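Have a look below at one chain only, the form predicted on its own, in structure tokens format.
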């Protein structure tokens, strides 16, 4: 016997399937798509890595995405309450813990993700003022170092962005998340596509030598399979990238699923989200690598590429003032859509568990997230970001795999099969059987491998 919350029938719903697709894609598309995926792809065999990534998406991340949306829609609740609603009596304690951990993960993520997202606002603000010279030559590294040394400016942007996100969420699912996602995601895709086309076709002068960015070397680096670079570690990288690129196990998909109409096909919607997320990651590579290769540099991972290398390179390109504005506008949109998706699970949890109104829930979550982010900034600057970086490792290497493991076990071993069959009835019997097998056996085994490897890397300082 399962317990469905009677309030779920009156729950706000997405206006249409496009709203759900755009909001969920916005949750998946973030800063990691822009800098991490292209670099990891190129360093691990290009096309070979892409093939492995797509296989891992189909076998692991995709099935768990379906499971989370299914759990959210079946219960009509966010992550903190959904598992209890769908659990037989006497078995709810551990599953309540699993649900609450999902909310905790999203809260921890957003508290420091908003700090990095705030950096994009600083750069966009400087670019809008026409300060392109700040990003040229040695100035680029100096500007970044000076900004990182300024706790006050980081705190300002962090709080501003958190409050902006809370105001959007205050308007609810239809007028807030859905309406904005339908605007931001198409604009993001147009910006990314336009910059990618420009990046591979423009003539750019690097030092004394004019160079065409239409250089097949950069495209080959990203797309052509290089099996000499594809190792067992590449398989683990593809597995990890696939597992965490779609915002699984952070409470977002369950929360978003709880607002999804029961007539919608979860599998079709999930497939569209996966396709959009992958397309953004590949387009980011098409944008970034031609510029980096034309400059004679090697691709670098992480914040240095986005906040030091690329601004410097844009300053040497025709129409650099406009390009740097468009680039950071693109990065900001990607960060904002992810911020929205990371704050929402906590808000949904307060509404479901404590009967809070949305305005109060938004205020509480925003204040708590802002306060924790300020602590990360202050403690991080005093201790060379030691705590900040280790919190990120704990979330990425331990909490997210653990939560994903719990979700896969719940969906296949605990959840009444009649419920999951009903939720996926419009996908067909064959698909359901395949999905159920993957969630029951393949996903837990793969996630355990990721978890063990992450813990080993943590112990080895990796």
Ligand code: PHE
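Residue numbers count along the first chain shown, from 1. Note that this is a predicted model, so its numbers are computed, not measured.
Not on display, but discussed next: the form predicted in complex with phenylalanine (PHE).
Colleague: Even though phenylalanine (PHE) is not shown here, does residue 28 get within 4.5 Å of it in the model of the complex, heavy atoms only?
Modeller: Answer yes; at least one heavy atom of residue 28 falls within 4.5 Å of phenylalanine (PHE) in the model of the complex.
Colleague: May I ask you to state whether residue 42 is within 4.5 Å of phenylalanine (PHE) in the model of the complex, using heavy atom distances?
Modeller: Heavy-atom contact with phenylalanine (PHE) at 4.5 Å: absent for residue 42.
Colleague: Would you please decide whether residue 113 lies within 4.5 angstroms of phenylalanine (PHE) in the model of the complex, comparing each non-hydrogen atom pair?
Modeller: It does: once phenylalanine (PHE) is placed as it appears in the model of the complex, residue 113 has a heavy atom within 4.5 Å of it.
Colleague: Report whether the minimum heavy atom distance between residue 162 and phenylalanine (PHE) in the model of the complex is within 4.5 Å.
Modeller: Contact check for residue 162: no, nothing within 4.5 Å of phenylalanine (PHE) in the model of the complex.
Colleague: Given that phenylalanine (PHE) is left out here, which of 181, 338, 120, 369 has a heavy atom within 4.5 Å of it in the model of the complex?
Modeller: Contact with phenylalanine (PHE) in the model of the complex is made by 338 alone.
Colleague: Exactly one residue in 188, 71, 362, 342 has a non-hydrogen atom within 4.5 Å of phenylalanine (PHE) in the model of the complex; which is it?
Modeller: After the contact test, the surviving option is 342.
Colleague: In the model of the complex, do 62, 66 and 420 all reach within 4.5 Å of phenylalanine (PHE) through at least one heavy atom apiece?
Modeller: No residue of the spot touches phenylalanine (PHE) in the model of the complex.
Colleague: Taking 4.5 angstroms as the heavy atom distance cut-off, pick the stretch from 81-89, 245-253, 127-135, 352-360 that is near phenylalanine (PHE) in the model of the complex.
Modeller: Selected range: 245-253.
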